[in-house]
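As a starting point, one isolated chain is supplied in structure tokens, in the form predicted alone.
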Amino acid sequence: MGSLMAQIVAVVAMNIRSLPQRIWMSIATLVAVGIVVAVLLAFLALSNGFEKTLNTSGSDKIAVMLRAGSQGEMSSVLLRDQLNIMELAPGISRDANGPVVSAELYVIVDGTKRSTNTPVNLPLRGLELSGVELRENFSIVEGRMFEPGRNELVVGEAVQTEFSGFELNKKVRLGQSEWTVVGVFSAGGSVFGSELWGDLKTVQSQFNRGSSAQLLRAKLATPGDVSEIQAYIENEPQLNLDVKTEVAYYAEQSKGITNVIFYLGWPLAIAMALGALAGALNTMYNSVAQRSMEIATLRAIGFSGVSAFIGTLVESLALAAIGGVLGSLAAYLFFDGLTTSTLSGNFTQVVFDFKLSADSFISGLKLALIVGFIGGFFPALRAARLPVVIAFKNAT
């Protein structure tokens, strides 16, 4: 066993010493593998960032109620009578002012993406001041809160970053009315930071929504427990609602988009990996061809075919691993923390940051090693089977 290890080390050392003879092909393999890994990590960072933003938005202390079967706020409608009935439900926390609830309206308005100057859909949320209190990590960072009954907006920090026209004290036309931006708020990196907020009754009036809403938020008497509210809904014939914790709601909202990103990213990375694989095969076959006499000579003096196989395979894996590390570094430098926006399940823009996780880096390295293994396996097999007679032919 010790002799075999010594032979393997000798073959690996020989391979490394001969790298300058095929430096450009080796660099091409490193670059190809690096690009594959960087592309995969970019998609994973996109998916992770979007999922983290939506998951940060949820709290198990809050219940969310929508019309039964609704996939999101845009497809939900709650009438005023239903809202009044829900305020009486057990399981909802109460304070000196009564049940801690927030009826909310979600309206799509026009915006302009700052980087491309293209039109986009933005979410305008109408809510009462009680709704603000149901958001954890909310704070006004510039200006002030909107006043009920007035055409005033507060906008998330992410809105100002990604979209033009929402600077503090600026007037903006939404629908048929003009609104004034009176404040900028931070929402702790949650999806709410991508929204515009205004007074519920004012939004209802300006957008002709009567007294209806699309969603009811409520503070739970027992965090995470919606069973009492669910039982109340089932026993109340006027109600046809779904209830879930805010955490569960946003987890469902993020799942569809992250799955799309995930299932786009992996096939694209695999398709590109096939190209990198072709480059790796070419590099390793060329490596074996250039060292055929050396390999045959080692075989003639007693080196086993196993040592030639493993030594060549290790070279391929090493090149792929270095390419994977370079690709991971490039992805980290160029993508991690990059701010962008995409369509949510409500067909409005959500601003979020690319986020690379340890699992993402591991996935990228695994893909690189798979390319290296397959790219080196058959050339290594050829090296192990190289006829010993080649050494004697070249010696005569």
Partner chain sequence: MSDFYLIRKNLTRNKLRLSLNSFAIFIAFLLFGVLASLQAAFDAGVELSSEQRMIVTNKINFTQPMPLAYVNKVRAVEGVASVTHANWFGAYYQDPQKPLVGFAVDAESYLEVYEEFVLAPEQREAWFNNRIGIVVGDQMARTLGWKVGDRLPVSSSIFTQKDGSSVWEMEVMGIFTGNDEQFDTNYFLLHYKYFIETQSFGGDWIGWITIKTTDPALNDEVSKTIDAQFANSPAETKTTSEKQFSKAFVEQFGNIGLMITSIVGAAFFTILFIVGNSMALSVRERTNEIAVLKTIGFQAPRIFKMVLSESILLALLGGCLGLFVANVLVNGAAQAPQLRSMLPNLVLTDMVAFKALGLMLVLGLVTGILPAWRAMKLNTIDALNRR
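Positions refer to the first chain, counted from 1. As the structure is a prediction and not an experimental result, all values here were calculated from the model.
What follows is about the form predicted together with its partner chain, which we do not show.
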query	finding
One residue of 139, 116, 235, 84 in contact with its partner chain, assessed in the predicted complex (non-hydrogen atom, 4.5 angstroms)	116
In the predicted complex, the one of 186, 259, 161, 282 near its partner chain [non-hydrogen atom within 4.5 angstroms]	282
4.5 Å heavy atom contact, residue 361 and its partner chain in the predicted complex	no
Its partner chain contact in the predicted complex: residue 250, any heavy atom under 4.5 Å	no
Its partner chain contact at residue 52 in the predicted complex, heavy atom, 4.5 Å	no
Its partner chain contact at residue 64 in the predicted complex, heavy atom, 4.5 Å	no
Stretch in contact in the predicted complex with its partner chain, which is absent here, among 307 to 315, 170 to 178, 127 to 135, 219 to 227 (heavy atoms within 4.5 Å)	170 to 178
Partner contacts for 52 to 80, taking its partner chain in the predicted complex and a 4.5 Å heavy atom cut-off	67, 69, 71, 75, 77
